[in-house]
Structure formats: structure tokens, C-alpha cells
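The chain below stands alone, shown as C-alpha cells; this is the form predicted on its own.
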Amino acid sequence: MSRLLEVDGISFAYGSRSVLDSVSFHAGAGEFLALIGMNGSGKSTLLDIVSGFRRPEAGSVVIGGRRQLEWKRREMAQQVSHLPQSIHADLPFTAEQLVGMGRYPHTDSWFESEEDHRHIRAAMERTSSWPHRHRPFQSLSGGERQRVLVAACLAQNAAVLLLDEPSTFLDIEQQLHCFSVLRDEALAGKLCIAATHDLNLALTYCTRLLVLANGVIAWDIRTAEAHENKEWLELFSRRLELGTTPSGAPWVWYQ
């Protein structure tokens, strides 16, 4: 598998508090990585760095064989879409207009092309947000807003999708649908990385688990093999048990 993303020796601190300490991993097209870890472990910071939103204090990011710093902003946006952990809910746009912003890296005019409209509609239909297209974004519920934001990332049609807790505010059916859509994106040749606290969503839909702890990637394991060693699970809580579903897939339950 060719390496679409290479993260090498990334370090970052907020003042005197070190968050990431020489983090390294690589991933290729067709993978769906779950970035998991306790609160404050650096998941959001790492996604911000990979997206180019933050600059690391040390280390490098290579996307598509090219160093991140060599990409122009517009080029970078064509390669990487990023859903941050929080976005202001009072944005003065309709849902459709917000999703259309995902097409900005691909257009040279003030108006969307027919191709842009196709991507916008397809993304909104995939996230069940097309019926809300004319509604002001600020009038939507938390779950409805989240689905619109995921649609904006899909409409961007980037090779790498970075999503910080994409299932936030979603009901159970929509959580499952969201991760199904992201898995389909990976199967279609994209690289998806989602930060999540839901271990069973990660085990069910993702291909790899990246476990952040103490500033480093403490574990990098394929989900199909996650049940073979429960030491990674102990980083989260001693009240968790690891087993398998009737089909043999890994599953976490609570004591």
C-alpha cells in the first residue's frame, strides 16, 4: 500500500505542557483510522497539525509524497478536508451554502458550477441533510448541524479526510450511518482519520486503531487483531472488558 500520509516526529506543546512528543505513523489510501485516547491526549491537536491548521514545534507531515509546507493553501485544501471539534453555530448561512464552502478549493469563480452542485447535493443526500438545505444553519439542531458539517467535508472531495468526533450530537442510527459513510469513503480510495471516544464504533468500522497516550502513539493495531491483546484497552479504564461479537469481531463492554 502506497503511503498517502506520513507523520514523522511531530511534537507540540501548549506553553510548558507537552502534548505530543515525537509522534510518528503513516497511512495509505483505503484505510480508515480511529484516533483514540483519553481527554487531553492530543487527538485534536494532532489532527490540527496534519490539516495544516497548526504548526508543529518539531517533525514533519508528508501528504502524497510532498512535504506539507510545500503545498499552497488552495492545493492543501484540495488534498485534505478537516472537520474540527467545534464550529460556531451562529454562522449566517443556509445549510446548502455551508456545504458549498467545501467546494471553494475547486472553483475559480464566485458561483458554483454544475459539478459543484452535484457534489453538494450528493454529500447532503449521503448525510441525510438535503431536506434541510434551505434552512439557516443556526436553526438546526446539534445533530442536524453535525450532519451538514460532515457533508461539507465530503463535498470537498479531498484525498484525506480528518474528522474530530464526527458522530458528536448524532443519534444512534445517525452515528452508525456516519461511520458507514466514512468507511465507504475509505473503500473508494480515500484515507479517513476520525478522532472518537466510541471504541465500538472504531472497532466496527475502522481498519486501524491509533491510541494516543503520554504524548505518543502507544498502540497502532489493526482492528481485526485488537481482541488478541487487551493491554491497549487498559489505558482507558479498568472497567472495560474486551471480547468478540458472534461474528468474531472485537467488542468492548462495561463492568
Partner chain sequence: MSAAPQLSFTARYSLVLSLAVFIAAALVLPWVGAGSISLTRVLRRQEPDYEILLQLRLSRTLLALIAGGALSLAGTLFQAMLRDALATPYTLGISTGASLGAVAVIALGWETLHGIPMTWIGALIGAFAVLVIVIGGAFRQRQISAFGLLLTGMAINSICAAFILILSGFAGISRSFSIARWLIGSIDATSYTSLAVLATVVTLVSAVILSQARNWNLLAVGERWAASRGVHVGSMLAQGYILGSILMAGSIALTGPIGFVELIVPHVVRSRVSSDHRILLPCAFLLGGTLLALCDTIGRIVIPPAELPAGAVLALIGGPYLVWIIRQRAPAEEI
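As the structure is a prediction and not an experimental result, all values here were calculated from the model. Numbering follows the first chain given and starts at 1.
Keep in mind that the form predicted together with its partner chain is not shown, yet the notes after this line are about it.
Of the listed positions (L182, L163, V80, M124), a single one reaches within 4.5 angstroms of its partner chain by any non-hydrogen atom in the model of the complex, namely V80. Checking N157, Q175, Q97, S128 against its partner chain in the model of the complex, a heavy atom within 4.5 Å turns up for just one residue: Q97. The candidate stretches are 21 to 29, 242 to 250, 227 to 235, 8 to 16, and the one lying within 4.5 Å of its partner chain in the model of the complex by heavy atoms is 8 to 16. By the 4.5 Å heavy atom rule, the three marked residues D171, G189 and H197 all fail to count as contacting its partner chain in the model of the complex. Remark: S167 does not count among the residues lining its partner chain in the model of the complex, judged by a heavy atom distance of 4.5 Å or less. When contacts are judged by a 4.5 Å heavy atom cut-off, D48 counts as touching its partner chain in the model of the complex.
When contacts are judged by a 4.5 Å heavy atom cut-off, H132 does not count as touching its partner chain in the model of the complex.
Shown alone here, R55 lies within 4.5 Å of its partner chain in the model of the complex, counting heavy atoms only. Using a 4.5 Å cut-off on any heavy atom, the residues of 70 to 96 that reach its partner chain in the model of the complex are, in sequence order, R73, R74, A77, V80, S81, H82, L83, P84, Q85, S86, I87, H88, A89, D90, L91, P92, F93, E96.
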